[in-house]
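Below you'll find only one chain, the form predicted on its own, shown as C-alpha cells.
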Amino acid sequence: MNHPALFKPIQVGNLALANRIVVAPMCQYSAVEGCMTDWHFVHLGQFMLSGAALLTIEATAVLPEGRISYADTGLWNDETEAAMRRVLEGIRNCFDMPIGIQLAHAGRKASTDVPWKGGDQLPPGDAHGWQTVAPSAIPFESSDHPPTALTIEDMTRIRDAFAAAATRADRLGIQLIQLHAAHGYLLHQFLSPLSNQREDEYGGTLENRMRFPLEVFDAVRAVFPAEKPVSVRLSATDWVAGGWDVEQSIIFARELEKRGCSAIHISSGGLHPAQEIPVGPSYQVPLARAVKAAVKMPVVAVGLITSYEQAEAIIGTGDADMIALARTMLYDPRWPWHAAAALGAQIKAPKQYLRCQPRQHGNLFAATP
C-alpha cells in the first residue's frame, strides 16, 4: 500500500485523527426551537460511515437570537441539549468517529428565512423574526432591519453563553469545539473594520477589534476540558478593500495560538455584500498557506476541494495540514473511500459494508471492531 499524505494520521491537541479529511459543519435549517430532529440523525449518521477523520456538527447557536434562521440548531438550554444527545447517542452506536461542534452567534446576519424560501432577513415583527445585534448598528444589506449595537453587558451575556454551550458540549461527549469567526457572523463582525465601528475598547485598532473574539475564546477554553481541543474557523479576508485581510488574520491566529488554540480552519468572505471573490478550485488554499507559514498549530483548508489528487496535493505540498469538505460530502458521502481507492490508501469501513469492496481495490478496507 502507498502512504498518501491525505491518509496520514495527525494530532489536533490531544485528539488523534486517522487521516486529514474533516467533514465541515453544514447548516441544515431543520431544527425545531433549536432542537435537532430525525433529519439530523440521518444527515450526520451517513458521515459517521464515511471514513473521514472528524465530523463537525453544524453552526450551533449559543443563544436563540444567535441563530442564522428560526430553523437552526442550538445548544442553549436543557431541551436543545437533550435533543442533541438523542442524535449523538444514535449515531455513535454505528461508528466511533470523533465528533466536533461549531459554536456560533450570527449577529447582524441572524433572523433569516431558510435558504429554500429565499433566505432573506425577517424583520422583528415577523412570526419567525427577531431583533438582531452587532458590534455597531450597521446592517449587512442596506435593506435589512438595522441591528442593535451591543452594550458591554450584552457582550458579557454572549461570552458567557458561549462558555455555557461549551460546557454542554462536554457533557455530550463532544471531543472538539470550533468557534465560528468566519462568514460575516458575530465574531467576524467584531474583527472587521467594515462592521465594527465602535468607539470604545472593542473598536478601532486591531487590538481592540480582536478583543471580544479573544475573550470568547478564553472563556470557552477555560471551561472545556484541557485535554480536548478548541479550534477556530476564520474568514482570512473580507475580499473588500479596507476590510479584514490576511495580514490581520495572521496576527489574530498567532494570538489564538498563544492562548491555547489547537487548530485554525481558514475560509473567507461573507461579511460584506460588495465582496469580490475569485471563486475557483482551491481558491482559498493560498490563504491557508499564508496562515500556516505563521503558526505551528494545524491549519485546515476548505473551498471547492473536489478531486482526490487536488486534496492530496494540498496536504502533500504543505499548503495545509487538513482539508475540510462540505458540499463535496453532500454530493458524495463516501468521498474518503473513493479518495483512498484512487490514491492507493487503506481506510476504515463498517464490517457490514466490507463485501462491497471492489476487486481492483482488494486491500482498501480496514474493518472496524
Ligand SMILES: Cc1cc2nc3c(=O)[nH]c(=O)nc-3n(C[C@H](O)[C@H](O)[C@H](O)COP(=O)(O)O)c2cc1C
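Everything numeric in this text was worked out from a predicted model, so none of it was measured. All residue numbers refer to positions in the sequence shown, first residue = 1.
Unshown form predicted in complex with the named molecule; subsequent notes refer to it.
Note on the interface: of 338-346, 31-39, 313-321, 56-64, the segment with non-hydrogen atoms within 4.5 angstroms of the named molecule in the predicted complex is 56-64. In the predicted complex, at least one heavy atom of A24 sits within 4.5 Å of a heavy atom of the named molecule. By the criterion of a heavy atom within 4.5 Å, R233 is counted among the residues contacting the named molecule in the predicted complex. Residue contact with the named molecule in the predicted complex: K292 places no heavy atom within 4.5 Å of it.
When the named molecule is considered in the predicted complex, Q102 lines it closely, a heavy atom lying within 4.5 Å.
Although the named molecule is not shown here, in the predicted complex the stretch 288-304 places heavy atoms of V302, G303, L304 within 4.5 Å of it, in sequence order.
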